[in-house]
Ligand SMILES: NC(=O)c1ccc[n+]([C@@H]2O[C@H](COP(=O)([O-])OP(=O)(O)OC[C@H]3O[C@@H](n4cnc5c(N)ncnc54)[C@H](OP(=O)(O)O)[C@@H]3O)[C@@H](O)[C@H]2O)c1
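Below you'll find only one chain, the form predicted alone, shown as structure tokens.
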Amino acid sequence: MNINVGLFGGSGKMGKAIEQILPDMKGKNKLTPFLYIGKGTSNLFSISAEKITNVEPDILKEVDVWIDFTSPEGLAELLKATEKLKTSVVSGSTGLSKKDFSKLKKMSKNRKIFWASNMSPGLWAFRQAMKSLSHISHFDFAIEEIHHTEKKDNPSGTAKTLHGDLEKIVNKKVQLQQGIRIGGVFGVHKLSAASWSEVITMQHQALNRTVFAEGALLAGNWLVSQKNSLYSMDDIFLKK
């Protein structure tokens, strides 16, 4: 099966990472670079446009799945522009509010939407390992995160996801501190659990953006075969 991919925010850092690995991605279906939305033009994608509103409906109709790494505003624009077509969307945009998530859930009744604050398979495994902390819920806990200086949301979406997971696992409130923004760090997330007698440290570090790009394309390949709903990394790995 051939899947026409639309890339929204192609000129951003993650957009460039997607573009770089897309030709070599393998999976159940063949991913074809079809429509690029971003500044400039793409030599890889068949069609390029700076704004999605400049694209003819007949062309938008040809997209099977959109990959989005922009912002809450960008994701909202993409969803609005493709609402009538009900095109599948994979988004890694962070900084979304509770209202934004409510809209995603409502829209997913009529289309397939996949959202994750972090597309890394390793980070997902990290989250699964966290579940063992339920046995030491009386410990003190802390989450620390480091990202590059251009990272806009702070705390990061990943840190918020880990924080939410942790509070459910240990069944108590845990303070979430502001992250550190330094240099070109792709993402370091550290969880510490401590009592008066011992300390446990768990850490995940992304070495490049490729891991997030691979995860997004994996999700896109998987999503097109699913029913209308709002999906996450859990659905890919736990419901095979």
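The numbering used is simple: start at 1 and walk along the sequence shown. Nothing here was measured: the structure is a model prediction, and the numbers come from that model.
Missing here is the form predicted together with this ligand; even so, the following discussion is about that form.
Participant: My question is simply whether Phe212 lines the interface with this ligand in the predicted complex - judged by any non-hydrogen atom within 4.5 Å.
Facilitator: Answer yes; at least one heavy atom of Phe212 falls within 4.5 Å of this ligand in the predicted complex.
Participant: May I ask you to state whether Lys151 is within 4.5 Å of this ligand in the predicted complex, using heavy atom distances?
Facilitator: Answer yes; at least one heavy atom of Lys151 falls within 4.5 Å of this ligand in the predicted complex.
Participant: Indicate whether this ligand has at least one heavy atom within 4.5 Å of a heavy atom of Gly9 in the predicted complex.
Facilitator: Because a heavy atom of Gly9 falls inside 4.5 Å of this ligand in the predicted complex, the answer is yes.
Participant: State yes or no: in the predicted complex, is some non-hydrogen atom of Ser71 no more than 4.5 angstroms from a non-hydrogen atom of this ligand?
Facilitator: Yes.
Participant: Which of these residues, Ile113, Leu166, Ile143, Ala116, gets a heavy atom within 4.5 Å of this ligand in the predicted complex?
Facilitator: After the contact test, the surviving option is Ala116.
Participant: Considering Lys26, Lys61, Lys39, Lys172, which brings a non-hydrogen atom within 4.5 Å of this ligand in the predicted complex?
Facilitator: If I apply the 4.5 Å criterion carefully, the residue I get is Lys39.
Participant: So which stretch, 80 to 88, 117 to 125, 133 to 141, 103 to 111, is the one near this ligand in the predicted complex (non-hydrogen atoms, 4.5 Å)?
Facilitator: Of the options, only 117 to 125 has residues within 4.5 Å of the partner.
Participant: For the stretch 90 to 105, which residues lie within 4.5 Å of this ligand in the predicted complex by non-hydrogen atom distance?
Facilitator: Heavy-atom contacts to this ligand in the predicted complex: Gly92, Ser93, Thr94.
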